[in-house]
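Shown next as structure tokens: one chain only, the form predicted alone.
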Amino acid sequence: MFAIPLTENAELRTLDPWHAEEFAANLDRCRESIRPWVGAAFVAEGVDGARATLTRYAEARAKDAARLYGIWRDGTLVGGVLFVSLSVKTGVCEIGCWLEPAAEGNGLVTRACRELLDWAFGERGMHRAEWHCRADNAKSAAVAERLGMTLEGTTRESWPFDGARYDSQIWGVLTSEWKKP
């Protein structure tokens, strides 16, 4: 089985449709804390919704267009990281993350994203990786900064949520700048 250790008690693994019950439980634990920051289509409701999200990513993975990985700590799915998009043709990918509050503050997302970026640049030949987040999401911006990404710009009122529109940031790192800390 594919598993990359992140810490003594946490690992990164593929997250597939057969994990729907675990994913639904994870989303139940973090739905309210991640809802403002991730796309509405990602925050599924129930096991059927979780399976639909996981199936959508499995189909995108089969097309080499996206990938989804879970972070398990002490055997429990606590969050994950993903290639929101992956284009070998253009050499550009976008990564993202989610994490339940009980797992925050342990460096799990940063470590997991480093693994994704190593793979994207080293194995897949990506030229550029992006990170998109709401401009008021300080935790997300801090991860991008820890990954060595550069804030490239802010798009005004581009992130709709709960009847309002928010500015979003675009962070990026080029393969020539990538150094695994």
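Worth saying up front: this structure is predicted, and the values here are computed from it rather than measured. Numbering starts at 1 and runs along the sequence shown.
Form predicted together with a further copy of the same chain: not shown, discussed below.
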> Are any of the heavy atoms in D28 no more than 4.5 Å from a heavy atom of a further copy of the same chain in the model of the complex?
Replying inline: no
>> Whether V173 contacts a further copy of the same chain in the model of the complex should be assessed with a 4.5 Å heavy atom distance threshold; does it?
In response: yes
> Is there a non-hydrogen atom of G91 within 4.5 angstroms of a non-hydrogen atom of a further copy of the same chain in the model of the complex?
Replying inline: yes
> Counting only non-hydrogen atoms and a 4.5 angstroms cut-off, does A24 reach a further copy of the same chain in the model of the complex?
Replying inline: no
>> Tell me which stretch of 29 to 37, 139 to 147, 42 to 50, 126 to 134 has a heavy atom within 4.5 angstroms of a further copy of the same chain in the model of the complex.
In response: 126 to 134
> Does any residue in 49 to 82 get within 4.5 Å of a further copy of the same chain in the model of the complex, counting heavy atoms only, and if so which ones?
Replying inline: T55, A58, E59, R61, A62, D64, R67, Y69
